[in-house]
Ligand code: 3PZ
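What follows is one chain in structure tokens, specifically the form predicted on its own.
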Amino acid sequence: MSRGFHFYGSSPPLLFLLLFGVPSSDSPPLHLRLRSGPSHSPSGFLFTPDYESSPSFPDRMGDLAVEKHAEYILSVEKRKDDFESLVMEHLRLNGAYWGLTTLDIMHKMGSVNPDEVVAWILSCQDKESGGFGGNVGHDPHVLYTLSAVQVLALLDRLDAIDVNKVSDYVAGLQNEDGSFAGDIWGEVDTRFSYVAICCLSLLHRLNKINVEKAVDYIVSCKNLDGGFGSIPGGESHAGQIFCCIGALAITGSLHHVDRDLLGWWLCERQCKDGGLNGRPEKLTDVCYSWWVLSSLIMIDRVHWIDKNKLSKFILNCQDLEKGGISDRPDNAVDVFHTYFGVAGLSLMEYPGLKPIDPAYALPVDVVNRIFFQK
């Protein structure tokens, strides 16, 4: 069994990418400026931090153990034979995306050999279909295909793949009703709608699908509470909401969203400890720092939650001895929660971190390079 380049943690991560009186809409403006992009930018906007108007975080300087987290992520790659690594074999490509993106956000990509990463990613591709599996020799799936595209985008190596073959694989998973299957076995989920749309957008191949039908299907999954489920009638969940809002943002279709209603549902996910949960009456989890925050940013309602408390919650979930971030304080760390914790802090403009795009889940400089540089 091949055990190439990989990242994941000491506890199996919850996988959503395998894959979740109302304040008035004239509240103070979002602490991020929307910048219009050229016509070929599918979402029509990108996010750039506005540090002058960003909120202050008490004791925030120096609280994020960047060096420890970088050491932890790099050490995980070397542990290939322990139990946790073996049971997570099928998620290795997702793990590479989580780990490498975290390193890039923290300005720690210098220790990574890009050629080694690219070679391993290409070895995970199914040459017949064009899609990527989660590991060498594994069946292709749209989830792993997006992770492969995101990592190659991160490394500025999208030229290493046959873009048309990969995009044909993704586009071929669209159903007549506009939904997307995850692979040849036909499971349908709004996660796959987001993944397909995000992947094709990064490859500049959205024209290969019926975008109107894709949007209509996502809208059919909207609920009375303003949220979105995995299928029509499915329960609203923060993870699914991110997928639906992200897909609508990329396709320029956010006019279908009731921003106040959804914003209220999302801001109610903040609990007394400052963390966020994925749906009512559930425990807080660091990963929702991404799912909820990114959605609130995309609908311009992020100022409805307490960022200071959320920042402290994330920082309290760090392992300050060995590095890494867990789902809740004092639990075992893994790369999944380390990524979403650091990404959440980036969304809140934590000092020293690269800004991350809330729709594409990649650093803003990477997204800018894809859509704004010829």
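All residue numbers are counted from 1 along the displayed sequence. What you see is a predicted model, and the numbers here were worked out from it, not measured in a lab.
This next part talks about the form predicted in complex with this ligand, which is not shown.
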### Task
Go through 329-337, 63-71, 314-322, 342-350 and give me the stretch that gets within 4.5 Å of this ligand in the predicted complex, heavy atoms only.
329-337
### Query
Are any of the heavy atoms in Trp98 no more than 4.5 Å from a heavy atom of this ligand in the predicted complex?
yes
### Query
Taking heavy atoms only, is Asp285 within 4.5 angstroms of this ligand in the predicted complex?
yes
### Leu248 within 4.5 Å of this ligand in the predicted complex, heavy atoms
no
### Task
Report yes if any heavy atom of Phe132 sits within 4.5 Å of a heavy atom of this ligand in the predicted complex; otherwise report no.
no
### Task
Note which of Leu93, Leu266, Val170, Met88 lies within 4.5 Å of this ligand in the predicted complex, where distance is taken over heavy atoms; exactly one does.
Met88
